[in-house]
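Only one chain is shown below, in structure tokens, and it's the form predicted alone.
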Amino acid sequence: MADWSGYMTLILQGALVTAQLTVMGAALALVMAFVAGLGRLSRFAALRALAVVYIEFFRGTSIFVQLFWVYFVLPFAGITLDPLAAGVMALGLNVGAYGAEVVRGAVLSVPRDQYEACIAVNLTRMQRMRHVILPQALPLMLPTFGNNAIELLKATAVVSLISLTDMTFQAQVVRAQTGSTLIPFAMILGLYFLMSLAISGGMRWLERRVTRGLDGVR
């Protein structure tokens, strides 16, 4: 029993690494989603082109290949990252590309008369985006952002391929040492599910807060 207690501790340590990857990867993905999403709506053709290249490249290639490029190929260009940083970069850039289309679609869904009203009161492009457009677009983004965050959580399993000791890596270690597949993988299955529930609950709470701020609904 003492041995299994130690193995369970290993998996819980891996869960902390998975949580780190999810939080930091989601933060990077959020930044990239807004940068690229708003970039696609820019008046400048060069910015629009850069945003399209980023979005299509990271949506059109495998996360496995992206991770391997970040960790194994970038050192040839003089950029060496530790496994955690490489995992965060690959996951954040990949999920951010999907989030960028969410941002673009939500902004475009704001009624045209809102833009016209902003122009009528002489707001600058930055002011209208910050004070009028984005506050209305944000509630439309949140449900899909929640789905993207859960997809990022599940995708963290790929970092075990570069020897980062996340839950999946630790479960493989326990399986190799004990010969048991059921217990370690059942445990990480439950942990992934609980983390997904936490993300879903947090996003629902955030949606209620944002909606309450807009329409006064409690």
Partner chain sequence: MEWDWAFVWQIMPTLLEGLKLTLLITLLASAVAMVLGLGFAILRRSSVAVVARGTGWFVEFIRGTPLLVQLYVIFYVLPDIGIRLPPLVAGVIGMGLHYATYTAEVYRGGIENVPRGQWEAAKATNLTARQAWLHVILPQAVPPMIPALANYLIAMFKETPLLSAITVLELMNQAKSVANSSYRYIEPMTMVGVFFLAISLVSVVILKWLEHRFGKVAK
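Residue numbers count along the first chain shown, from 1. In this text the structure is predicted, and so the values were computed from the model without any measurement.
Just so you know, the form predicted in complex with its partner chain exists too; it's not on screen, but the next bit is about it.
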(message) Looking at 67-75, 109-117, 83-91, 122-130, which stretch has residues with any non-hydrogen atom within 4.5 Å of its partner chain in the predicted bound form?
(response) 67-75
(message) Considering non-hydrogen atoms and a 4.5 Å limit, which listed residue (50, 28, 157, 41) is close to its partner chain in the predicted bound form?
(response) 157
(message) Is residue 196 part of the interface with its partner chain in the predicted bound form - any heavy atom within 4.5 Å?
(response) yes
(request) Please check if residue 36 has a heavy atom lying within 4.5 Å of any heavy atom of its partner chain in the predicted bound form. (result) no
(message) Is it the case that residue 163, even though its partner is missing from this view, gets within 4.5 Å of its partner chain in the predicted bound form, heavy atoms only?
(response) no
(message) So, residue 182 and its partner chain: in the predicted bound form, are they within 4.5 Å at any heavy atom pair?
(response) yes
(message) With its partner chain taken in the predicted bound form, which residues across 114-151 come within 4.5 angstroms through any non-hydrogen atom?
(response) 150, 151
